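This document opens with one chain alone, in structure tokens, the form predicted alone.
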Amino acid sequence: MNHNLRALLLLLLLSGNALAEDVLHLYNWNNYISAETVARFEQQCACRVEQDYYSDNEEMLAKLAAGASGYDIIVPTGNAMESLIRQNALRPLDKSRLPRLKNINPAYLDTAFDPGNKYSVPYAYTLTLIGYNAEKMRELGLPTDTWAVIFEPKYLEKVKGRITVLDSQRELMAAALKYLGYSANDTIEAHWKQARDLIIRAKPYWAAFNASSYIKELTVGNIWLVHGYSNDIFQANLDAKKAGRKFTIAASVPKEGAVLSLDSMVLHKNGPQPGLALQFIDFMLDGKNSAELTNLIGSGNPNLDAMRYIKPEIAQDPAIFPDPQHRAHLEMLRDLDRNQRRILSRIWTEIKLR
């Protein structure tokens, strides 16, 4: 083999290795990191970030259970993380490689899902709350600070066919349980049945169970009231503004309390690049990088250093950064055991069939 050819082969081999080594595989929620942030990290680490997306925790868990592998970082919500920890699917964090972990607000550390944060670093959070067309609700004289507006016929008759609720058994049951004065994590079957009856009574007034297109429905004015996620409602209002609509989409945390979903970065134990993954986590712990996500999609932010980079109108929005009084009534959903899941599935079927 001549000298030039050998040199070329060696070069190809080396560059091939470099490429194979320096790809970070991120399995994340759709639209949950800005392209600018990714580009900056790629430049800093001289690597490439490849992303796969999921739209809910169940989908992500099912894909992993079916054998999907090669992901370095996943961004599950607390109860899904609990499941991954139980399955022994995660790699413990080497915190000596995460100097910026000190930026995280202690209120979001040491959760019931991962005591001592052995596996997880908080990334962002959303609240499940009430979103509404502010002008319509004012015109109809409806309250917007209580789950009653979603569940009580005396209010519902004024907005019949203009309401959607999330197509999620845990989220809808949690709203009903909170309204009834119970914990979102209550698992007493008699309480679940009360929640079921409350939902079935309200159901004829609702237009749909909808977890995806409700943003668009709010934006165009077809729907006036939703049980939805804070960042989706933020998006709907931005879209309505952009389209020059004559109404505002607002959000409020019901006084009875609501669900807070904390998403965290974790290392999958089969990820080929744990070192690069830790580098990425520490990069995302930088206040400026973390703030970009909140400014982009209106997600809540557990990073104290990020607050100075967040647009003031977002930082002051109580539906994204609730005050201490509302924060006291927020709960994170816990994982259910197999038996509880079976009971809940049966109740959900009853709800859907009625």
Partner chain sequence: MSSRARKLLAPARLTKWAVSGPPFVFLLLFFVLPGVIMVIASFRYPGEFGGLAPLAAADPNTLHGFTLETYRFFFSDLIYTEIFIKSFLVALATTLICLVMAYPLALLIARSPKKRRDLMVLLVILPFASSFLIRVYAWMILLGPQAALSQLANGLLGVLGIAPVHLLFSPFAVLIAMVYVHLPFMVLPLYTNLEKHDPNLLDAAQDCGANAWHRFWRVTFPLSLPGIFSGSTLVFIPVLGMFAIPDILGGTGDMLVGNLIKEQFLVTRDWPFGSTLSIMLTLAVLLFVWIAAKLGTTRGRYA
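Model, not experiment: these values are computed from the prediction. Residue numbers count along the first chain shown, from 1.
One more form of this protein, predicted together with the partner chain, exists but is not displayed; see below.
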Under a 4.5 angstroms heavy atom criterion, identify the one residue in Asn237, Ser83, Ser261, Thr111 near the partner chain in the model of the complex.
Ser83
Picking from Glu152, Glu217, Asp197, Glu135, the single residue whose non-hydrogen atoms come within 4.5 angstroms of the partner chain in the model of the complex is Glu217
Where, among 280-288, 262-270, 96-104, 200-208, do residues come within 4.5 Å of the partner chain in the model of the complex by heavy atom distance?
200-208
Every residue of Gln44, Lys255 and Lys311 near the partner chain in the model of the complex, heavy atom within 4.5 Å:
no
The partner chain contact at Gly161 in the model of the complex, heavy atom, 4.5 Å:
yes
With the cut-off set at 4.5 Å between non-hydrogen atoms, does Val23 touch the partner chain in the model of the complex?
no
If you check in the model of the complex, is Asn185 within 4.5 Å of the partner chain, heavy atoms only?
no
Contact label in the model of the complex: Ser213 to the partner chain, heavy atom within 4.5 Å
yes
Stretch 322-344 - residues with a heavy atom within 4.5 Å of the partner chain in the model of the complex:
Asp335, Arg338, Arg341, Arg342, Ile343
